[in-house]
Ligand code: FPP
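The chain that follows stands alone, in the form predicted alone, written as structure tokens.
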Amino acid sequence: MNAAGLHVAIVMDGNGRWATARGLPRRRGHEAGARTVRTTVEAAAALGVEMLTLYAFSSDNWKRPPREVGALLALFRRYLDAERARLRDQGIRLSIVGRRDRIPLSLLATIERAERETAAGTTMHLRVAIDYSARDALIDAARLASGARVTRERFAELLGEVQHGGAARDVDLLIRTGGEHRLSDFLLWECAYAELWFTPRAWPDFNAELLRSALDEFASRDRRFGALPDAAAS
């Protein structure tokens, strides 16, 4: 399928369960998941996806054991260091979406360098959500609006200001791996009319073939955005 112009969002779930099922430490699942990120980003760009947003670390994930949180943050830093040149060479712009005041300074410096070095990319916009909460972003954007009458377009711009990464276009297709069927505080505003696609496969087992399957099913759906089907309207 040609996915030109689409915004695809993915909740990358199941890393820990994937590792546990194989008798491995949870960190090994996160490491396998990082490798899946690379193949998925390349597949999405090849298919023509315009914007890809990946849910890597929610604001609620701070509740996990400190050792696991520290390992995840260290993995993010290694991923950005390893992939920065590859993304730049492939014309992929990287933005990190979410809060930045709780991120370690070493990781923050790596984020800013990766964003700076890939800023000219036009092939695809890759957005990775770290310390992200859609509810918190909505509250912060509403606070910026200060009671003024704003359009939906202006409110989307305010969301971009409070969560970094710029305003995102509406999500066309939301994919969630790992067998769960919920949004988990991810892109609640942007997913108002998103098509949802779930798979029991854990994130480390996700691949380009599954991405194409999701996009093929998306293409077969009738998106009416509240209107009647053409046949019923005539």
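Everything numeric in this text was worked out from a predicted model, so none of it was measured. Counting begins at 1, following the sequence as shown.
Missing here is the form predicted together with the named molecule; even so, the following discussion is about that form.
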Item to complete: State yes only if every one of Ala34, Val37 and Val128 has a non-hydrogen atom within 4.5 Å of the named molecule in the predicted complex; otherwise state no.
Response: yes
Worksheet item: Can Arg26 be called a contact residue for the named molecule in the predicted complex at 4.5 Å between heavy atoms?
Response: yes
Discussion item. Is Ala141 part of the interface with the named molecule in the predicted complex - any heavy atom within 4.5 Å?
Written reply: no
Worksheet item: Does any heavy atom of Val49 come within 4.5 Å of a heavy atom of the named molecule in the predicted complex?
Response: no
Fill in: Close approach of Met12 to the named molecule in the predicted complex, 4.5 Å, heavy atom
yes
Discussion item. Looking at heavy atoms inside 4.5 Å, which stretch does the named molecule contact in the predicted complex, given the options 109 to 117, 68 to 76, 131 to 139, 154 to 162?
Written reply: 68 to 76
Worksheet, complete the sentence: Assert contact residue (the named molecule, in the predicted complex, non-hydrogen atom within 4.5 Å, options Leu173, Ala56, Leu187, Ala44) equals Ala56
Fill in: in the predicted complex: members of 199 to 222 within 4.5 Å of the named molecule, any heavy atom
Trp203
